[in-house]
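A single chain comes next, written as structure tokens; it is the form predicted alone.
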Amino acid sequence: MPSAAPSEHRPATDPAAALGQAFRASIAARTGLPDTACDPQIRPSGNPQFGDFQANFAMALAKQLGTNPRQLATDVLAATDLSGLADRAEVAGPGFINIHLSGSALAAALDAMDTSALGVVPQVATHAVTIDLCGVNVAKQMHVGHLRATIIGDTLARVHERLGRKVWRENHLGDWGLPIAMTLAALRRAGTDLGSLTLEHLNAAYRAAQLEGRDDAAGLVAARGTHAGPHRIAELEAQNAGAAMAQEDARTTLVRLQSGDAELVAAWRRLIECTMREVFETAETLGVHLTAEHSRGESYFREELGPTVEAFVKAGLGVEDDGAIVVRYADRERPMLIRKRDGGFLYATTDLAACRFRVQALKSDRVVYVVDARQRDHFKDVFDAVRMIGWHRLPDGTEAQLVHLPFGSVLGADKKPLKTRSGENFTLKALLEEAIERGTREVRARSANPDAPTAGMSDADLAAIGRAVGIAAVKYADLGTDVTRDYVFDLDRMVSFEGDTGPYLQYAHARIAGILGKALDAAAHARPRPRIVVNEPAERQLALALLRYPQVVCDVAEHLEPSRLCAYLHGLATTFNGFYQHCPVLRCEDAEVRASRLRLCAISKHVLKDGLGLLGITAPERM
């Protein structure tokens, strides 16, 4: 998975940061090595009985220095000041250092984390981040492939924004070229009223136009060569003649559109409006921040395509090949075609112009393309060409990171790409409607229990929760998977309130909200805030889990892996359940401990809500 340069500092509330600083100084003093070579390798302990963290530097460093690792660990530990941070630390095995944090250190770190920022420190950056997401084609309905491109991109945008970065969401519309002109020409020939066109009708017209313009010249030659019956030959001749007429009409329409014909441009805009109306409605349903301001299509770059090719030719990178212009690479046989023999341009040409725009005009030092895995070779060619010509370099000399984040397919129960029962691609709209219906059914069934928190709620409120549950089910199942892998779409599992699902996390949040709502003394939430006390093992585990959150947010941004956040939130919810089972909260008789545990509940609720928000998932107060 691609990553940016590692962060210089871990979040200040992370105990690992303080441990790292303390051990780094003593390693440097003991070995004489520069600070950069003294990584103490602080890691969470795999078993709480051996401590909270381990310092694992000794084996690798001792080999480098030609010394005994256990002795090196012993010497470094003796020189390390852990006062106020750890109760004890001991060398184990061949040179591991097990570290047991003090309860007061954990409490102090949690207290520092308990702000609106939750310990997430804004990154210091002078440049923006551009994320290419969604990528719909005009005149075509959104399908399940657009689900992944849209919600993965939106989550990564949210995470970068959470870290204080300026983010450009870029929905690269397929709104230009011969296919669009072919559809427009067919609609005009049919006398269709474009003002009342729906996307469903437009999608059907798009497919019909593609079929209408498809000839079968090879079939006609074969039919004549095998002396097929006159009826079959006449049929193929009629098909080819009709296809030739449709293709010519499309080419004529495209030329008029490119020249700015007012009537055609107005009709073309109606096609875009019809398409985007449903796209924006779907984005709103998904809780994705995507509007017209984020939609910059191929047409936006149409005036830059000629100059783009000319720039490559002038730089000696674009060379003629049988009348076409291609870019060649030293490490692969395939060239990249950027202008056809007839002077037409290609997707690669548009992507070169768009990439240049995103780096130079939008001033982005990181450009992420969330596009399915089948485009891997295409983006390798485009990015390498951009680097060859130097368009990846910003005016201040910063080299932008160009990343293709490839995602896998959404599969049905048969492990094949998800289809409807009729064998057609599932439209995204239909899929979401089914998920919402299933989520609403589950919520209403639970509300029938008189002891349920939702008992007695209005139909409208239950429908709102059901909608949130259905969308959470779909989004979490997608984001919780390694983005590069395929996954099976199984709504029965996804809407479950148990297991590793979005509704489980929503329920965990609502459960904590219920606990806090039952707290009788408002003083537990008043200022000055109650002192945090971390004594019990379950309290320690919850504290350690909460303190990991800021670093997890940084890691998701660095590695572009939303699944890390999903795994963290599920682990936090599970850890909280263990805490609640072993540490009485509302029934705790010690007022100070009760107030502390209520505060731990409040921080847990805040982290769950914030993390779900980064996934674009609503966190209901009642479920």
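For every residue, the number given is its place in the sequence shown, counted from 1. Since the model is a prediction, treat every value here as computed from it, not as a measurement.
One more form of this protein should be noted, the form predicted together with ligand ARG, which is absent from this view; the next part is about it.
Check: Can you say which of 106 to 114, 268 to 276, 303 to 311, 128 to 136 gets within 4.5 Å of ligand ARG in the predicted bound form, counting heavy atoms only?
Finding: In the other structure, the partner sits against 128 to 136.
Check: Taking heavy atoms only, is Arg339 within 4.5 angstroms of ligand ARG in the predicted bound form?
Finding: Residue-level check for Arg339: no, no contact with ligand ARG.
Margin query: Can you work out whether Leu72 and ligand ARG are in contact in the predicted bound form, taking contact to mean some heavy atom pair no more than 4.5 Å apart?
Written below: Residue-level check for Leu72: no, no contact with ligand ARG.
Notebook entry, point to check: According to a 4.5 angstroms non-hydrogen atom cut-off, is Arg548 in contact with ligand ARG in the predicted bound form?
Noted result: No.
Item checked: ligand ARG contact at Tyr476 in the predicted bound form, heavy atom, 4.5 Å -> Outside the cut-off, so no.
Checklist line | Listed residue that, although ligand ARG is not shown, lies within 4.5 Å of it in the predicted bound form (heavy atoms), from Pro530, Gly174, Gly145, Gly412 | finding: Spelling it out, the residue with a heavy atom inside the cut-off is Gly174.
Next item on the list: Let me know the one among Phe489, Phe379, Tyr504, Trp168 whose heavy atoms come within 4.5 Å of ligand ARG in the predicted bound form, would you?
Entry: Partner contact (heavy atom, 4.5 Å) among the options: Phe379.
Next item on the list: Counting only non-hydrogen atoms and a 4.5 Å cut-off, give the residues of 334 to 369 close to ligand ARG in the predicted bound form.
Entry: Heavy-atom contacts within 4.5 Å come from Tyr347, Asp351, Arg358, Tyr369.
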